[in-house]
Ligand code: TNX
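Before any questions on how it binds or moves, here is one chain, the form predicted on its own, in structure tokens.
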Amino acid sequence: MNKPEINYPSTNLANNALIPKPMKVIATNSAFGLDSKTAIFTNQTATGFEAVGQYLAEKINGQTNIVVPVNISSEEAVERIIFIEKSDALESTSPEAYQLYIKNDSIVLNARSAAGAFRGIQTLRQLIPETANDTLAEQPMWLIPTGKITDAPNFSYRGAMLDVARHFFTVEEVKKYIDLLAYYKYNVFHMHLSDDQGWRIEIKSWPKLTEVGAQTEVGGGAGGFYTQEEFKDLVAYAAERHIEIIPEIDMPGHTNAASLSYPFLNGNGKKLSVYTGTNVGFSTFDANKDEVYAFLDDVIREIAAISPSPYFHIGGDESHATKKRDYINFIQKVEPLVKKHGKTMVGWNEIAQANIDSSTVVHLWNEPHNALKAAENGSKVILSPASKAYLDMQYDTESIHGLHWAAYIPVPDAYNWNPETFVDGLPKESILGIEAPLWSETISNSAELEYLAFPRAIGYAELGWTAASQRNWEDYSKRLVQQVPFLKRHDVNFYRSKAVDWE
């Protein structure tokens, strides 16, 4: 292979604005020239590696217009190579660990799994400059700084949630959000698929859920739902980005749309009507009817069949209309249904009141004592404290969208907390990870979603991935500014916090 010498300008890898911040960066102060004479080669025997290479080539093309071939048979016109290789010889045992070795004529990405390789190429994407250098060679060249990056996540679960029940979001809107999350190394997308205002997924054995329950949303809009084929398409789209989709059907509260569709489900004794407001806690399934559990058996079965995630989220929050003994009975009857269909149950922190299995995951939003109870039970805990991690909380009193019942969450406050010490007495080994939920009472389209999610979702990505000892606001805010070209290129309507020097 012909590799002509090129005099590269000095480039310092350590100064690059990577988010999430990697574990270790060693700069060697030269550059790899990404250009039309670059090719990608991947491991072709390990599952998923070639697809990661194809994804990288597609993203390089989208940013630079360079067509980078993947696993071509001839190397005659190739001068520089990106290798994506499987390797178990990494410092971290995490399946998402990776190492990047960037030299003048080659980039070698070693990863334990295709998921790790996918995280690694997000780092590589962030290292590609916005503009090419057209003075070094006959063709434009994007200079990637040389050195070595060793990286692995702090938490195995790094999630974001979107409430598609209060307002419906289209398949394309959801895909755009998933794309943005993937760039920052999220690996879980939790979909809140049902609530008082709407039921959002087709259940073939109970068609009125979508014929009746899907036709409304907050404020009286048209609502909408995903067919099972559309949901499978979303699952596949996310899986290509090594993100799993966790479906949530909220129960026994937040159930007005379901009960409106099938009135026998209703347990609050009140007349049912369409609900397009935002108050919570008034609805409940009848926890003492066998028919309710037969209904839920069907719902869980149909969703489990099209959802490869090991988890099924049952909600369980704010069920104020359910008597406590009925609530506990309900949770203890639903848990075996979830297990029956091969899934691990997840529920909001109220479920810790029940006698749950140690495999069940408790999702903290507002009750630290229930997180501690869950940990004592042997259950893992997902951290989404409303006062710190809720993306629908307003930035301040001037915010256009959002609520503030839990807190105002300015951009620095979203970043400046430590999930590992948030609940006093909760051991790190009990924490599965962090999730940033976005409830949709006040938003109904991508622009409004992005206003609340960005830039805070970028900070939550770092809280999930990067060790606390490596995080500080001053450093992070400077790196955040460098994300603006990416956000603009993808037409992201991000909020320009006054706490960040964007200029």
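In this text, residue numbers run from 1 along the sequence as written. Nothing here was measured: the structure is a model prediction, and the numbers come from that model.
The following text describes the form predicted in complex with this ligand, which does not appear among the structures shown.
Heavy atoms, 4.5 Å, this ligand in the model of the complex: which of 147-155, 427-435, 392-400, 353-361 makes the cut? Say which one. Among the candidates, contact is made by 392-400.
State yes only if every one of Asp35, Tyr101 and Trp142 has a non-hydrogen atom within 4.5 Å of this ligand in the model of the complex; otherwise state no. No, the whole trio is out of contact, none within 4.5 Å by any heavy atom.
In the model of the complex, Arg112 touching this ligand (heavy atom, 4.5 Å): No, Arg112 sits far enough from this ligand in the model of the complex that none of its heavy atoms falls within 4.5 Å.
Are any of the heavy atoms in Trp439 no more than 4.5 Å from a heavy atom of this ligand in the model of the complex? Because a heavy atom of Trp439 falls inside 4.5 Å of this ligand in the model of the complex, the answer is yes.
Is Glu318 close enough to this ligand in the model of the complex to count, meaning some heavy atom within 4.5 Å? Glu318: contacts this ligand in the model of the complex.
Should Tyr311 be counted as a contact of this ligand in the model of the complex, where contact means heavy atoms within 4.5 Å? Looking in the model of the complex, residue contacts with this ligand do not include Tyr311, since no heavy atom lies within 4.5 Å.
Though this ligand is not shown, can you say which of Tyr226, Trp365, Phe295, Phe168 has a heavy atom within 4.5 Å of it in the model of the complex? Looking at the other structure, the residue within range turns out to be Trp365.
Could you work out which of Phe189, Tyr177, Tyr415, Trp348 is the residue within 4.5 angstroms of this ligand in the model of the complex, going by heavy atoms? Selected option: Trp348.
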